[in-house]
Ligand SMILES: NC(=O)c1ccc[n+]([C@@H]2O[C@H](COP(=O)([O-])OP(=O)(O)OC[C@H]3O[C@@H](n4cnc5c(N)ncnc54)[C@H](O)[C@@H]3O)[C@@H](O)[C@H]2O)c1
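Consider the single chain below, provided in structure tokens and representing the form predicted alone.
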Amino acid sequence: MNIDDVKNICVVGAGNMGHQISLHCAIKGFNTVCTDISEDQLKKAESFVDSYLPGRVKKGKMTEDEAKAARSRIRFTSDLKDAAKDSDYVIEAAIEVLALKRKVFADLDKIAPPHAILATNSSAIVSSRIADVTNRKDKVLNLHFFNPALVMKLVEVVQGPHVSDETTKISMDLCRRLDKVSVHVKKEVKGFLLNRILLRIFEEAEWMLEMDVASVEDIDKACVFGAGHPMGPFTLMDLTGLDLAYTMGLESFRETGDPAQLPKPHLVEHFVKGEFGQKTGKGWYDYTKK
């Protein structure tokens, strides 16, 4: 199998990452099916597609014919079997809970054709913790897109010890076909490449907030105007979702048993209030005033 054999892509999960990955694949010429157990989430995803493509035409970023062609290549369904049965490449973008991902991959292994590669977009759970529920461990890997997937160029291709060179090459080639910049992460390490670096920044930023060393705003300003970052750590967490940060903290604690991995009190407070960042209007910052 090589990249030319990849025609049909299935994306599992229609949330913030899933629907954008799906649309990007369709724009770049792949027949794409996006699936989710939530009908409401699927409706939101389809509505986004139906507003995004005309918007690109209006801005002169796409022709009307290109937008129509992209729209014809993407569809949405709550039926996992319907979504994955003809897939050549599957990208799972469900929530960061190991038990759920293992269930999804066990189901996908029974549904997807034997040649299909099964990738997880997880930024925290390595594929070796998932691959054993399938009969194709050499075809299970992390393909980690960054948020927002329609904009961010970087994709991490993580080759665990069970992943074949062929699977890795096809995945790297897929990134190029998607006009992404891929990096080959040769070992499974916590946080992979970029997030491992960012995690240290997030930890220090949250520690300084908890210790009342500085405010959210001033910590972000220091990173932007001193370190030259495009946005501060708290702004970035608001963009990716505080619910994601909270869930990842719990998963890390479950894995290590280290209480230091638990979500920090200020993050827990926002999570309990349902303040997940930009998508809910409030997080570390209040977006309802803009």
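Note that residue numbering follows the sequence shown and begins at 1. What you are looking at is a predicted structure, and each value in this text was computed from that prediction instead of being measured.
Keep in mind the form predicted in complex with the ligand is missing from the figure; the text below concerns it.
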* Would you please decide whether N147 lies within 4.5 angstroms of the ligand in the model of the complex, comparing each non-hydrogen atom pair? => yes
* Taking the shortest heavy atom distance, is N121 within 4.5 Å of the ligand in the model of the complex? -> yes
* **Contact test in the model of the complex: A83 vs the ligand, heavy atoms, 4.5 Å** => no
* Heavy atoms within 4.5 Å of the ligand in the model of the complex: does L267 have any? -> no
* Please pick, from M152, I95, L193, I201, the one residue with any non-hydrogen atom lying within 4.5 angstroms of the ligand in the model of the complex. => I95
* Structure fact -> Note: exactly one of I111, M172, V133, L100 sits with a heavy atom within 4.5 Å of the ligand in the model of the complex, namely L100
* Structure fact -> Among 138 to 146, 205 to 213, 160 to 168, 67 to 75, the stretch whose residues bring a heavy atom within 4.5 Å of the ligand in the model of the complex is 138 to 146
* Listed by sequence position, which residues of 9 to 31 have a non-hydrogen atom within 4.5 angstroms of the ligand in the model of the complex? -> V12, G13, A14, G15, N16, M17, G18
